[in-house]
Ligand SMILES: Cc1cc2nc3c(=O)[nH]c(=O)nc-3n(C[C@H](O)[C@H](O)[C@H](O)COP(=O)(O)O)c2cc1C
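First comes one chain, alone, set out as structure tokens in the form predicted on its own.
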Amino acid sequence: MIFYFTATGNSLMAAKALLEEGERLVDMAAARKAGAYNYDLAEGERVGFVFPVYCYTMGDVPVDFVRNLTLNRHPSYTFTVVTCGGGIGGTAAFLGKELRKKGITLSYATDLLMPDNAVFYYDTKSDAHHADRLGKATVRLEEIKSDLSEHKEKRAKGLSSGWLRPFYHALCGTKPFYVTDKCVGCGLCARNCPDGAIEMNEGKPRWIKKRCEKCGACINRCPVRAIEHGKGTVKRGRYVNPILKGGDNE
């Protein structure tokens, strides 16, 4: 079973590439919204966690999911692949620490370099750069899949980055978000928001929570580029992994 969280498709691409035949894929954001935290494992079944790094730590979706997760038995093997635009710091070590509280050992942990979607902070790269990164990621995923099939061990590096969570939260305010007159009222942003922080009001999105995941799903996946975040994003590009078609996660 692989638990994943994706905003713009990078982690979904990775999770699907790592799936074994007959293995289940679980969207952590959807499960969190539904309160679905209890899962039955078959004897000998492995468990994986695939999600993006935020501010060198874990975002709220994977943290909340892992802390509430209940399995009927310990996995035979547990791994994580953390997608990133640069580095993951102690994110995998943080996950390992949370899993140990449940008696689960994280046997394999690695990062996966992907195109960056953090348009809140800097511009996206060129299409050619994205294509190059995705091509290299595809090759790397084959290597990771081989490692996992052999149950190789690769321990998480560094110290747990749990202490960075307050800094991450300080950057997660929704006040800078706004919608322009380009908006067509499709509601995709509200449906894709993992926190339920957006509601449609008279055909336009409205941010109803003071804080969100800051995942970038709303701003990057808007089909008409109607969502901005302060002044900085107006001239910046957007990024969506090619695996996402029609605005849906699968």
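Throughout, we count residues from 1 along the sequence that is shown. Since the structure is predicted, the reported quantities are computational estimates derived from the model, not experimental observations.
This protein has a second form, the form predicted together with this ligand, left out of what is shown; the following refers to that one.
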| item | value |
| --- | --- |
| Complete contact of 15, 107 and 145 with this ligand in the predicted complex (any heavy atom, 4.5 Å) | no |
| Candidate stretches 99 to 107, 115 to 123, 155 to 163, 70 to 78 - the one whose heavy atoms come within 4.5 Å of this ligand in the predicted complex | 115 to 123 |
| Contact test in the predicted complex: residue 63 vs this ligand, heavy atoms, 4.5 Å | no |
| This ligand contact at residue 52 in the predicted complex, heavy atom, 4.5 Å | yes |
| This ligand contact at residue 214 in the predicted complex, heavy atom, 4.5 Å | yes |
| is_contact(residue 176, this ligand) in the predicted complex, heavy atom dist at most 4.5 Å | no |
| Residues in 81 to 109 with any heavy atom within 4.5 Å of this ligand in the predicted complex | 83, 84, 85, 86, 87 |
